[in-house]
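Below you'll find only one chain, the form predicted alone, shown as C-alpha coordinates.
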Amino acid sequence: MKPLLEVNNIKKYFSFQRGILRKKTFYLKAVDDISFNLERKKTLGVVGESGCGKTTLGKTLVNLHKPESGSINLNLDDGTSIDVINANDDEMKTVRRTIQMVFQDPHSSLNPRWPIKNIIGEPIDILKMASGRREKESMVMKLLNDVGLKPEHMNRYPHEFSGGQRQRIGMARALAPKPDIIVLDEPTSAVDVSVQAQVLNLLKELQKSKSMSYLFISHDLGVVHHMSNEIAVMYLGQVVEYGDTDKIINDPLHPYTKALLSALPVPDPEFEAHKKRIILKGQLPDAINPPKGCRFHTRCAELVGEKCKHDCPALKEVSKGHKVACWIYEE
(Lines give C-alpha, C1' and ligand atoms only; values in the text may rest on other atoms or scores of the structure.)
Protein backbone atom coordinates (compact mmCIF):
# COMPACT_ATOMS: atom_id res chain seq x y z
CA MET A 1 0.00 0.00 0.00
CA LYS A 2 1.22 3.50 -0.84
CA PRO A 3 2.15 5.90 1.98
CA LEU A 4 -0.63 8.23 3.08
CA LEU A 5 1.44 11.27 2.07
CA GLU A 6 4.30 11.38 -0.42
CA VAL A 7 6.45 14.53 -0.45
CA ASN A 8 9.04 14.82 -3.21
CA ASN A 9 11.70 17.54 -3.68
CA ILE A 10 9.68 20.36 -2.15
CA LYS A 11 11.17 23.85 -2.39
CA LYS A 12 9.66 26.97 -0.83
CA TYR A 13 11.51 30.26 -1.25
CA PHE A 14 10.43 33.73 -0.09
CA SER A 15 11.50 36.65 -2.28
CA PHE A 16 12.02 40.25 -1.16
CA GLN A 17 13.93 43.36 -2.21
CA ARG A 18 16.84 45.04 -0.47
CA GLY A 19 19.04 48.05 -1.12
CA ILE A 20 18.48 51.79 -1.29
CA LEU A 21 16.13 51.56 -4.26
CA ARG A 22 15.01 48.01 -3.41
CA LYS A 23 15.88 46.84 -6.90
CA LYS A 24 17.86 43.76 -5.92
CA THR A 25 15.83 40.61 -5.24
CA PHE A 26 16.92 38.10 -2.61
CA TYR A 27 15.51 34.66 -1.83
CA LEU A 28 15.14 33.09 1.57
CA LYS A 29 15.36 29.33 1.05
CA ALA A 30 13.06 28.23 3.87
CA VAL A 31 12.51 24.71 2.49
CA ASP A 32 15.09 23.50 0.00
CA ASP A 33 14.55 20.17 -1.75
CA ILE A 34 12.92 18.02 0.95
CA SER A 35 11.43 14.56 0.40
CA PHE A 36 9.78 12.07 2.77
CA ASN A 37 6.81 9.72 3.18
CA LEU A 38 4.23 9.73 5.97
CA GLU A 39 2.73 6.30 6.65
CA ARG A 40 -0.77 5.60 7.93
CA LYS A 41 -1.22 5.77 11.73
CA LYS A 42 2.45 6.79 12.16
CA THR A 43 4.20 9.92 13.40
CA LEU A 44 7.07 11.64 11.62
CA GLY A 45 8.95 14.04 13.89
CA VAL A 46 10.63 17.07 12.31
CA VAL A 47 13.28 18.57 14.58
CA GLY A 48 15.74 21.45 14.29
CA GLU A 49 16.59 24.81 15.80
CA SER A 50 14.49 27.94 15.26
CA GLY A 51 14.67 29.29 11.71
CA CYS A 52 15.47 25.98 10.01
CA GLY A 53 12.17 25.88 8.06
CA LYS A 54 10.07 23.44 10.10
CA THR A 55 6.94 25.60 10.28
CA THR A 56 7.19 26.59 6.61
CA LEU A 57 7.34 22.89 5.71
CA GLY A 58 4.20 22.21 7.76
CA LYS A 59 2.29 25.10 6.19
CA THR A 60 3.36 23.98 2.72
CA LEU A 61 1.94 20.51 3.34
CA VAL A 62 -1.50 21.96 4.16
CA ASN A 63 -1.28 24.27 1.12
CA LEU A 64 -1.00 27.52 3.08
CA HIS A 65 2.22 28.10 1.13
CA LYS A 66 2.62 27.28 -2.57
CA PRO A 67 6.01 25.66 -3.21
CA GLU A 68 8.28 26.71 -6.08
CA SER A 69 8.69 23.10 -7.18
CA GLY A 70 8.20 19.52 -6.09
CA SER A 71 5.11 17.40 -5.48
CA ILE A 72 2.82 16.47 -2.58
CA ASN A 73 0.60 13.45 -3.21
CA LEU A 74 -2.20 12.44 -0.85
CA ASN A 75 -3.12 8.75 -1.26
CA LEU A 76 -6.67 8.05 -0.08
CA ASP A 77 -8.05 4.78 1.28
CA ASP A 78 -10.22 4.27 -1.84
CA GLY A 79 -7.09 3.97 -3.99
CA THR A 80 -7.28 7.44 -5.53
CA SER A 81 -4.55 10.04 -5.24
CA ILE A 82 -4.67 13.84 -5.09
CA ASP A 83 -1.92 16.20 -6.24
CA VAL A 84 -2.20 18.64 -3.31
CA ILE A 85 -0.32 21.48 -5.01
CA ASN A 86 -2.43 21.45 -8.18
CA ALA A 87 -5.74 20.31 -6.65
CA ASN A 88 -8.98 21.74 -8.07
CA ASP A 89 -11.75 23.09 -5.81
CA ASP A 90 -13.43 19.71 -5.24
CA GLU A 91 -10.10 18.00 -4.56
CA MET A 92 -9.09 20.79 -2.19
CA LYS A 93 -12.20 20.16 -0.09
CA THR A 94 -11.01 16.57 0.32
CA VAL A 95 -7.50 17.79 1.18
CA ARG A 96 -8.89 20.17 3.81
CA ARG A 97 -10.91 17.36 5.36
CA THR A 98 -7.97 14.97 5.31
CA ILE A 99 -5.08 17.21 6.45
CA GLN A 100 -5.46 19.62 9.36
CA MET A 101 -2.98 21.74 11.31
CA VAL A 102 -2.62 22.75 14.95
CA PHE A 103 -0.67 26.01 15.06
CA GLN A 104 2.18 26.90 17.40
CA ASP A 105 0.52 29.82 19.20
CA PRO A 106 -2.93 28.76 20.45
CA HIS A 107 -3.77 32.35 21.44
CA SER A 108 -3.29 34.04 18.06
CA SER A 109 -4.81 31.13 16.10
CA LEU A 110 -8.20 31.42 17.86
CA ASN A 111 -10.68 34.19 17.02
CA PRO A 112 -10.97 36.25 20.25
CA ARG A 113 -14.46 37.47 19.31
CA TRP A 114 -15.98 34.02 18.95
CA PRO A 115 -17.14 31.64 21.68
CA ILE A 116 -15.54 28.21 21.61
CA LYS A 117 -18.62 26.54 20.09
CA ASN A 118 -18.24 28.77 17.01
CA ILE A 119 -14.49 28.21 16.71
CA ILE A 120 -14.79 24.41 16.86
CA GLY A 121 -18.03 24.43 14.86
CA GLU A 122 -16.66 26.45 11.94
CA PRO A 123 -15.20 23.47 10.02
CA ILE A 124 -18.44 21.57 10.69
CA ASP A 125 -20.35 24.41 9.01
CA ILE A 126 -17.93 24.78 6.09
CA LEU A 127 -17.93 21.06 5.31
CA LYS A 128 -21.71 20.74 5.96
CA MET A 129 -21.19 17.89 8.41
CA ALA A 130 -24.28 18.58 10.56
CA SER A 131 -27.95 18.63 9.53
CA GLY A 132 -28.92 21.30 12.07
CA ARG A 133 -27.97 23.30 15.16
CA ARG A 134 -28.62 20.48 17.64
CA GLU A 135 -26.47 18.00 15.76
CA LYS A 136 -23.70 20.57 15.43
CA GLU A 137 -23.74 21.32 19.18
CA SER A 138 -23.71 17.60 19.92
CA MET A 139 -20.63 17.20 17.69
CA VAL A 140 -18.90 20.15 19.37
CA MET A 141 -19.60 18.70 22.83
CA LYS A 142 -18.13 15.36 21.79
CA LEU A 143 -15.01 17.07 20.43
CA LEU A 144 -14.59 19.00 23.67
CA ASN A 145 -14.90 15.74 25.59
CA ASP A 146 -12.32 14.11 23.30
CA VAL A 147 -9.71 16.72 24.23
CA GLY A 148 -10.52 16.76 27.94
CA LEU A 149 -12.72 19.88 28.13
CA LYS A 150 -16.28 20.19 29.46
CA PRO A 151 -19.58 21.04 27.72
CA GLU A 152 -19.96 24.21 29.81
CA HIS A 153 -16.84 25.57 28.09
CA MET A 154 -18.78 25.95 24.83
CA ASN A 155 -19.96 29.51 25.50
CA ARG A 156 -16.68 30.85 26.86
CA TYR A 157 -14.14 32.88 24.88
CA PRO A 158 -10.44 32.08 24.26
CA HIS A 159 -9.13 34.63 26.79
CA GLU A 160 -10.94 32.73 29.56
CA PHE A 161 -8.72 29.66 29.09
CA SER A 162 -5.14 28.80 30.04
CA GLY A 163 -2.48 28.14 27.40
CA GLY A 164 -2.90 24.37 27.73
CA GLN A 165 -6.68 24.63 27.40
CA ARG A 166 -6.37 26.85 24.31
CA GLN A 167 -4.08 24.25 22.77
CA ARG A 168 -6.77 21.63 23.40
CA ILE A 169 -9.34 23.89 21.70
CA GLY A 170 -7.04 24.08 18.67
CA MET A 171 -6.85 20.28 18.68
CA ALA A 172 -10.64 19.98 18.88
CA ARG A 173 -11.02 22.30 15.88
CA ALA A 174 -8.48 20.24 13.92
CA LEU A 175 -10.32 17.02 14.84
CA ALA A 176 -13.71 18.33 13.67
CA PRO A 177 -13.35 17.29 9.98
CA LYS A 178 -12.20 13.79 11.07
CA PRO A 179 -8.78 14.10 9.37
CA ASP A 180 -6.31 11.35 8.56
CA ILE A 181 -3.30 13.65 9.08
CA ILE A 182 -2.65 16.42 11.59
CA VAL A 183 0.37 18.71 11.30
CA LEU A 184 1.34 19.66 14.87
CA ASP A 185 3.53 22.77 14.97
CA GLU A 186 5.32 22.92 18.35
CA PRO A 187 2.15 21.81 20.19
CA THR A 188 3.80 22.05 23.64
CA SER A 189 5.92 25.19 23.23
CA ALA A 190 3.21 27.56 24.54
CA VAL A 191 2.32 25.51 27.64
CA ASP A 192 4.01 25.02 31.02
CA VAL A 193 6.30 22.04 31.50
CA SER A 194 3.79 20.59 33.95
CA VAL A 195 1.14 20.58 31.20
CA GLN A 196 3.37 19.24 28.41
CA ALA A 197 3.06 15.59 29.46
CA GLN A 198 -0.75 15.89 29.56
CA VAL A 199 -0.84 17.34 26.03
CA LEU A 200 1.53 14.70 24.65
CA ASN A 201 -0.38 11.83 26.28
CA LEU A 202 -3.64 13.26 24.92
CA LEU A 203 -2.16 13.38 21.42
CA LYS A 204 -1.09 9.74 21.67
CA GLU A 205 -4.54 8.68 22.88
CA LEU A 206 -6.27 10.59 20.08
CA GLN A 207 -3.95 9.11 17.46
CA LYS A 208 -4.71 5.59 18.65
CA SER A 209 -8.47 6.05 18.98
CA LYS A 210 -8.92 7.91 15.67
CA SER A 211 -6.22 6.11 13.60
CA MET A 212 -4.48 9.31 12.51
CA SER A 213 -1.01 10.18 11.27
CA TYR A 214 0.97 13.08 12.71
CA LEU A 215 3.68 15.34 11.36
CA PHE A 216 5.13 16.47 14.69
CA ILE A 217 7.24 19.63 14.50
CA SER A 218 9.45 20.53 17.47
CA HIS A 219 12.84 21.92 18.47
CA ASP A 220 12.92 19.45 21.39
CA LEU A 221 14.50 16.14 20.36
CA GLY A 222 13.40 14.52 23.62
CA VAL A 223 9.73 15.23 22.91
CA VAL A 224 10.13 14.09 19.30
CA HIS A 225 11.72 10.86 20.54
CA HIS A 226 8.69 10.22 22.78
CA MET A 227 6.14 10.90 20.03
CA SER A 228 7.63 9.72 16.72
CA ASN A 229 8.14 6.55 14.72
CA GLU A 230 10.55 8.31 12.36
CA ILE A 231 12.59 11.50 12.66
CA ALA A 232 13.74 14.05 10.08
CA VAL A 233 16.48 16.39 11.34
CA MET A 234 16.39 19.78 9.57
CA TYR A 235 19.16 22.33 9.27
CA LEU A 236 18.86 25.57 7.31
CA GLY A 237 16.02 24.39 5.06
CA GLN A 238 17.34 20.89 4.36
CA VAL A 239 16.97 17.43 5.92
CA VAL A 240 20.42 16.30 7.07
CA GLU A 241 19.38 13.01 8.71
CA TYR A 242 16.27 10.86 8.36
CA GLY A 243 15.31 7.48 9.72
CA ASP A 244 13.72 5.27 12.35
CA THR A 245 13.50 7.02 15.72
CA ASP A 246 15.54 4.43 17.65
CA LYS A 247 18.30 4.51 15.04
CA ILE A 248 18.50 8.29 15.10
CA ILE A 249 18.54 8.43 18.92
CA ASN A 250 20.86 5.48 19.56
CA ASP A 251 23.17 5.84 16.57
CA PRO A 252 23.18 9.45 15.29
CA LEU A 253 25.35 9.91 12.22
CA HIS A 254 25.27 13.59 11.29
CA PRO A 255 27.42 15.95 13.42
CA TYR A 256 24.40 18.24 13.89
CA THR A 257 22.21 15.41 15.21
CA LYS A 258 25.00 14.40 17.59
CA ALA A 259 25.16 17.97 18.91
CA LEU A 260 21.39 18.09 19.45
CA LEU A 261 21.43 14.79 21.34
CA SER A 262 24.38 15.84 23.48
CA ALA A 263 22.29 18.75 24.79
CA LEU A 264 19.48 16.51 26.07
CA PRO A 265 19.39 16.22 29.88
CA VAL A 266 19.82 12.73 31.36
CA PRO A 267 18.05 11.66 34.58
CA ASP A 268 21.18 9.91 35.91
CA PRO A 269 23.26 12.63 37.70
CA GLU A 270 26.51 10.66 37.51
CA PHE A 271 26.13 9.99 33.78
CA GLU A 272 25.05 13.60 33.19
CA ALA A 273 28.16 14.90 34.96
CA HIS A 274 30.50 12.91 32.70
CA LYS A 275 28.52 13.19 29.46
CA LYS A 276 30.43 14.80 26.61
CA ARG A 277 28.63 17.86 25.29
CA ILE A 278 29.16 19.10 21.76
CA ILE A 279 29.16 22.89 21.69
CA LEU A 280 28.40 24.25 18.23
CA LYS A 281 30.58 27.18 17.27
CA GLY A 282 29.14 30.29 15.69
CA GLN A 283 25.53 31.18 14.93
CA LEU A 284 22.97 29.72 12.53
CA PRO A 285 23.97 31.14 9.10
CA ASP A 286 21.72 33.47 7.14
CA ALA A 287 19.17 31.47 5.12
CA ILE A 288 19.23 34.25 2.50
CA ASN A 289 22.90 33.63 1.87
CA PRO A 290 23.63 30.06 3.08
CA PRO A 291 27.20 28.71 3.04
CA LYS A 292 28.39 26.96 -0.09
CA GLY A 293 28.84 23.22 0.03
CA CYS A 294 27.50 21.52 3.16
CA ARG A 295 25.44 24.16 4.98
CA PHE A 296 26.63 22.86 8.33
CA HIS A 297 30.36 23.07 7.58
CA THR A 298 30.77 26.50 9.23
CA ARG A 299 29.83 24.96 12.62
CA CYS A 300 31.05 21.37 12.14
CA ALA A 301 33.81 19.80 14.24
CA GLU A 302 34.20 16.81 11.90
CA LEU A 303 35.19 18.45 8.62
CA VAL A 304 36.35 15.89 6.02
CA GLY A 305 38.08 18.41 3.79
CA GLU A 306 37.65 21.08 1.16
CA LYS A 307 34.68 19.36 -0.49
CA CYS A 308 32.62 20.08 2.66
CA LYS A 309 33.10 23.76 1.84
CA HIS A 310 32.33 23.51 -1.88
CA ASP A 311 30.05 20.51 -2.57
CA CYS A 312 26.67 19.81 -0.97
CA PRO A 313 26.26 16.14 0.09
CA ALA A 314 23.09 14.31 -0.93
CA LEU A 315 20.88 12.47 1.55
CA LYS A 316 22.29 8.93 1.29
CA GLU A 317 20.99 5.68 2.80
CA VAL A 318 23.82 4.21 4.90
CA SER A 319 21.74 1.44 6.46
CA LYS A 320 18.17 0.23 6.01
CA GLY A 321 15.83 3.11 6.83
CA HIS A 322 18.65 5.46 7.91
CA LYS A 323 19.76 8.32 5.65
CA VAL A 324 22.33 11.05 6.23
CA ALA A 325 23.69 13.98 4.21
CA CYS A 326 27.37 14.07 5.20
CA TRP A 327 30.63 13.61 3.30
CA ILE A 328 31.97 11.37 6.10
CA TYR A 329 29.75 8.58 4.78
CA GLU A 330 30.67 9.13 1.14
CA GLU A 331 34.21 7.91 1.72
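Quick caveat, the model's predicted, so the values are computed rather than measured. Numbering starts at 1 and runs along the sequence shown.
Although not depicted, the form predicted together with a small molecule is the subject of the following passage.
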Exercise for the section: Can you work out whether the small molecule is within 4.5 angstroms of a heavy atom in all three of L28, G51 and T56 in the predicted bound form? Expected result: yes
Practice task
Please check if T245 has a heavy atom lying within 4.5 Å of any heavy atom of the small molecule in the predicted bound form.
Solution key: no
Exercise for the section: Answer yes if any heavy atom of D146 is within 4.5 Å of a heavy atom of the small molecule in the predicted bound form; otherwise answer no. Expected result: no
Problem - Close approach of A287 to the small molecule in the predicted bound form, 4.5 Å, heavy atom - result: yes
Exercise for the section: Indicate whether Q104 is a 4.5 Å heavy atom neighbour of the small molecule in the predicted bound form. Expected result: yes
